[in-house]
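Consider the single chain below, provided in structure tokens and representing the form predicted on its own.
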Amino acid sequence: MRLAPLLLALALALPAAANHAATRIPDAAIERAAQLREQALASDLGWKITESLTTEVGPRLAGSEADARAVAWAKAKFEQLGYDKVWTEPVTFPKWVRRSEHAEVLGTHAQSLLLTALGGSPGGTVEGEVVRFADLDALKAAPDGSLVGKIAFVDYRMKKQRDGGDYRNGGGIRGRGPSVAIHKGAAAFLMRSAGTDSSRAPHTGNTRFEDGLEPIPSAALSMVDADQLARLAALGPTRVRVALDCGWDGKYTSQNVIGEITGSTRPDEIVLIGGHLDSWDHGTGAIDDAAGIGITMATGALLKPLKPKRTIRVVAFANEEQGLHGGFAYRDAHAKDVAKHVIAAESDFGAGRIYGFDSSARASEKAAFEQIAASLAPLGIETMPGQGDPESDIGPLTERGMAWAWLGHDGTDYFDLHHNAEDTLDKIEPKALAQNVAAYAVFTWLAAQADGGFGSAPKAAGATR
């Protein structure tokens, strides 16, 4: 065979990936990103949106009357900001309600304790002796049946970390602790709140019970009250009464609220950003996650006059807090369009300054990854390959093959406020929020203008990345 036909045959036999052209971002887009960065830093639009949601709606517990008002607010805000398309998609989930909660120490040292029911906890009143455990492993090590008629108390103190990494322990206790306590025979479950503050504001959050177990009243103590209960338990047997009025109340249908800036030349290709619209009910859900809504809604509005090539889709996800219901609903509605979702990023870790950038495309699209990283660097953002992951609601679709980016917030103080009454607007620093908007605007713009994709491709359900 002559050389030319042989080379042609080899080329045809190679996988399509071998002919893949590296994704690049045009110089003009890079130059525009520098201007956009400064414009966003000077803008207070992200702050105004966040202020509007936390003031006009306040706390937004999934399934509550405020949930419906939040959906109406989001639709109106997208329209006010000039988005080209605005629509909703239904999200149905079990409705959990909180009515009242109380605890008190009984006997010689009688006094009240401040706590809050964990989401998913049943109601009920339990009196029993408290048995303290230093962490979840200590509770697991207790003999089965050893806590019959007693109240398990896991007293793990979370550590402050920039990436919030110790939440895997604090949040893990909240999620798995009640089921472990049931296996040990406990009548109720208490824990030191999954937080890093030193206040009397207890932190709520969702828990789950293993199939086949009869749920027990489960609650989190404030840090101060956890300290107090630990001291009392050290003095000798301590009895506590826990009274929770909460539980499941049928089903509720909320909405994912979606706004789009239509792409000028590639309207069928989507850069997805967003945050979650719901919050817990004690504070006003400012850092979790009104800030994420403000950051991403502002990003789309700032990009609209630039006529991005690709469509910018901003999603205000429903009921993230009680099990990523909005994220799973979005996945189910759009799984067939994974390849159209060029890349996604979600803001759901507060409003601290963004310090790190990572992406699933760091290796496959190295040149474009480095171009975006260079444009983010003037904002004090480091390239941190292998450090990030997709946040919350975009996770279900990334598992089906959608490419993702991570813009990592400084979470050193995030768990001082997470899921408690202190999560209010005054805790957000406006300049830090503007830096967040600048980072999202730069990333989203460059992703929309890139020549080539970032690796999104359909993947079978259950496959791993």
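Values in this document were obtained by computation on a predicted structure and should not be read as measured data. Residue numbers here begin at 1 and follow the sequence given.
One more form of this protein should be noted, the form predicted together with a further copy of the same chain, which is absent from this view; the next part is about it.
With a 4.5 Å cutoff on heavy atoms, Gln111 counts as touching a further copy of the same chain in the predicted complex.
The closest non-hydrogen atom of Ser360 lies beyond 4.5 Å of a further copy of the same chain in the predicted complex. Looking at Glu51, you'd find a heavy atom of it within 4.5 angstroms of a further copy of the same chain in the predicted complex. Though the partner is left out of this view, Arg231 does reach within 4.5 Å of a further copy of the same chain in the predicted complex, counting heavy atoms only.
Contact with a further copy of the same chain in the predicted complex, defined as any heavy atom within 4.5 Å, is confined among 428 to 436, 37 to 45, 393 to 401, 54 to 62 to 54 to 62. Exactly one listed residue, out of Gly164, Gly283, Gly128, Gly120, brings a non-hydrogen atom to within 4.5 Å of a further copy of the same chain in the predicted complex: Gly283. Scanning Ser364, Ser199, Thr88, Ser179 against a further copy of the same chain in the predicted complex with a 4.5 Å heavy atom cut-off leaves one residue, Ser199.
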